[in-house]
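Taking the form predicted on its own, here's one chain by itself in C-alpha cells.
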Amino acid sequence: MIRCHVVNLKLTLQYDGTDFSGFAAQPGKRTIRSELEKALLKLFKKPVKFFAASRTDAGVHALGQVISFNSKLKIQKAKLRYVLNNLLPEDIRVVKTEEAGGKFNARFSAKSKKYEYLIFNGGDIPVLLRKLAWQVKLPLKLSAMRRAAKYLIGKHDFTSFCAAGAREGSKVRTIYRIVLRKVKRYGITLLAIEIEGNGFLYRMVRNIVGTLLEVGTGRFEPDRVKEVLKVKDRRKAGRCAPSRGLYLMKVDH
C-alpha cells in the first residue's frame, strides 16, 4: 500500500569513509552529507533536511550511523532502501529503514554511541587493511592498556582528550565501557578497542586510542592516564590516532 502522509523516517547507514572529507557538508568537498542530500533530492524532488547521530571526521567509517527526517513517503517503505541505494555512491549503503515516532531525532534522541578502533600490530600489514586499520609495529602490552583504560570509565571532564577546534560547551562526558580484545577480520588478527559512551568530543576517541597506545608501547605508565584527565591539558595526552582505524558501530536511541 502506498502511503503519502508525513512520516518520521529513521535510516541506518554504513559507509567507507576513505574517500570522504567527513560527514558534514564542506564547500567543494565530497562528504557523506552532500551525497545523501543529492540522493534525497533526486528521490523527493526537493531538498530534505535531515539530522545525523554523529558527524564523523574525514576517513572515519561507519557501520551504524543513523539519520532521520520528516517527509511524505511517496513510495512503498519496503522499497525505500533499494531506491536510495541505487541513487547513492557505492561507498554509502542504507542498511535499514524504519518509521520512527513523531518526536524521534537521530541527533538529539541518541542515548549512547559505540565506536571501535582497529589496530594491526605487526610489521607487514595486508594491503587490503591499509585503509581500514592503524598499523603499529612496536609490541603492545595489552594488560597495561587495560589498566589505563579503567581510569577513563565513568563521568569525567575530557578536555585533555578534546582536539582544538571543538565547539564551545561542557567537556564532561560519560564513558560506559572500554574493551580491548583480539578479533578476526578478513582472516587477520587485529586489536579492537571498543569505546561506548553517552557522547564524544571532537576527536576524543582517536585521542584516547593514541594515549592508550603510548601506554601499550611503554612510553606512558598506566597511572599517567589518571593524571592526564586531571590536568585538562590536551598536550599531556598521547597522539591522535589516524582516522582510518575508527568505526562508528552503533547508536542507541
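In this text, residue numbers run from 1 along the sequence as written. The structure displayed is predicted, hence computed values, not measured ones.
One more form of this protein should be noted, the form predicted together with a further copy of the same chain, which is absent from this view; the next part is about it.
The partner is absent here; in the predicted complex, the one residue of V183, A164, L128, A78 having a heavy atom within 4.5 Å of a further copy of the same chain is L128.
Only one segment in the set 223-231, 60-68, 209-217, 196-204 has any non-hydrogen atom within 4.5 angstroms of a further copy of the same chain in the predicted complex, and it is 60-68. Not one of R33, E35 and F51 comes within 4.5 Å of a further copy of the same chain in the predicted complex, counting any heavy atom. In the predicted complex, K10 stays away from a further copy of the same chain, with no heavy atom inside 4.5 Å. When a further copy of the same chain is considered in the predicted complex, L132 lines it closely, a heavy atom lying within 4.5 Å. By the criterion of a heavy atom within 4.5 Å, P27 is excluded from the residues contacting a further copy of the same chain in the predicted complex.
Heavy atoms of D124 reach within 4.5 Å of a further copy of the same chain in the predicted complex, making it an interface residue.
Within 4.5 angstroms of a further copy of the same chain in the predicted complex, the stretch 86-104 places a non-hydrogen atom from each of E90, D91, I92, R93, taken in sequence order.
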